[in-house]
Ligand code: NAD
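This document starts with one chain, in the form predicted alone, laid out as structure tokens.
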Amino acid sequence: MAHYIPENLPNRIQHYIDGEFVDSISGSTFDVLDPVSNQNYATAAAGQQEDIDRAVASAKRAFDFGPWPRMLPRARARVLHGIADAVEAQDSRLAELETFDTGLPITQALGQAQRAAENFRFFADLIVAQSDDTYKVPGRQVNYVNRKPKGVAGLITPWNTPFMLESWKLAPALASGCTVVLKPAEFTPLSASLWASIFEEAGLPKGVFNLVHGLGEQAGDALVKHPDVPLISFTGESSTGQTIFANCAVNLKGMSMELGGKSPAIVFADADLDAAIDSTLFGVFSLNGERCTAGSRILVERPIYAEFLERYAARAKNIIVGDPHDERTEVGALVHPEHYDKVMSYVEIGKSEGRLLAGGGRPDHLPDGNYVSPTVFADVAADARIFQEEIFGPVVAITPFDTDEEALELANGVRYGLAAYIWTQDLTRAHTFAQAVESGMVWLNSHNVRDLRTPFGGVKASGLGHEGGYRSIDFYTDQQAVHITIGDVHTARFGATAPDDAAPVVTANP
């Protein structure tokens, strides 16, 4: 099959600041590759400190003097629904460009575009329905909570499902009345640039949305350190999160960080094995394995271990790896040659740490591009690197266990704690295990199916804070307590009585 290239593909990607597409002030650019051919298809403006300064100044003007933070929730909601309408109207085109830029299979990219629209609809409805706390002390006091948007939100997004994950931050930030500066991942700048026309069409005021492309150590670093940006929402790897944490501390910024994962899927002997195999295959090999919540460690109870391995490996060998634009493709090309090299290095490490059951290299029919066969390692020890470290690709480690206690020790025995997946028909075990596992989210008898009302985030090295539902609104707003006195208040009357002239006045020694 010939490599598919979308029509009207831009060869130049610019920043979007104060309602205009602009180049970097310095003229700096970087090359952007497509993951199937690894050929440069565009140059993107490489943001520097002065470009971030310009974008933040635009966002701050829009926040301080523009209409957006002062609009009624219903008026902002109409704009957000307009954004969702615009995304849905061009979801096929968005998916086409996202697939070209990321290597995600086209069917999965389409689903991500549709989820982006749903994110905006959800937060549009949420801010209209939102209520805040009021407390009364009868006859004395009424106390209520006043929410105020925090200001300019700095949003730093990853490359694995960029358009959808950008919407995940943009929607609640805008719904709350904040203005934003978005710094997308440098590997995948294409889809981020599409937001500008979508927002203009929906009527978002000028300056509310600003976009600066560039490298993390340049544009991202400048955004994190900018004194006029009071909060940072970041999704990415844990080591970068540590750097951002340290840099935010200088100005005591608000932070929400969703970081790496090495999530366990625990399959007990009483599980619905057919459903567990379907779900654990999808959970690690969908989105090319480039997902933070991937169940990349599968722990299987000993009585069903051999059967599970046989069936799982046979299915993994049948997964269709191919051109991302082919609707039959289930695993496409990894995002970038740098990431491909990283994943392949772990595949080689795994050959000495586990028993290779499937994959283990490049598919024979795809000599070019960033393709990795779905790779399955069995009998992986708890101290193995492929058990402990995030690979972020189509690679899974499978390990047996004999008791519930051993399963819990294995599940919790890594530095990460983002998600966990538990497969059992025993209701008591399911809830007991769910509450004991060290993860921010748990799915029982399911892969990752999101409810946007629930908190999303991790523990340990997997994150700081939670977003999703009202927790997102909490992050992007300040909650001000207002106390109103409606009755007499007893107050001690300091200084109301003159001191007794006969009493000695005690003064400090000079």
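In this text the structure is predicted, and so the values were computed from the model without any measurement. From 1 onward, residues are counted along the sequence shown.
Not pictured, yet referred to below: the form predicted together with the ligand.
Contact check for residue 240: a non-hydrogen atom falls within 4.5 Å of the ligand in the predicted complex. Although the partner is absent here, residue 123 sits far enough away that none of its heavy atoms falls within 4.5 Å of the ligand in the predicted complex. In the predicted complex, the ligand sits within 4.5 Å of a heavy atom of residue 221. Looking at residue 456, you'd find a heavy atom of it within 4.5 angstroms of the ligand in the predicted complex. Using a 4.5 Å heavy atom cutoff, none of 16, 173 and 199 lies near the ligand in the predicted complex.
Checked against the ligand in the predicted complex, the candidates 273, 215, 410, 366 yield a single residue with a heavy atom inside 4.5 Å, and that residue is 215. The listed set 399, 329, 119, 235 contains one residue whose heavy atoms approach the ligand in the predicted complex to within 4.5 Å, identified as 235. Only one of 420 to 428, 199 to 207, 251 to 259, 98 to 106 places residue heavy atoms within 4.5 angstroms of the ligand in the predicted complex, namely 251 to 259. Residues are counted as partner-facing when one of their heavy atoms sits within 4.5 Å of the ligand in the predicted complex; in 69 to 100 not one qualifies.
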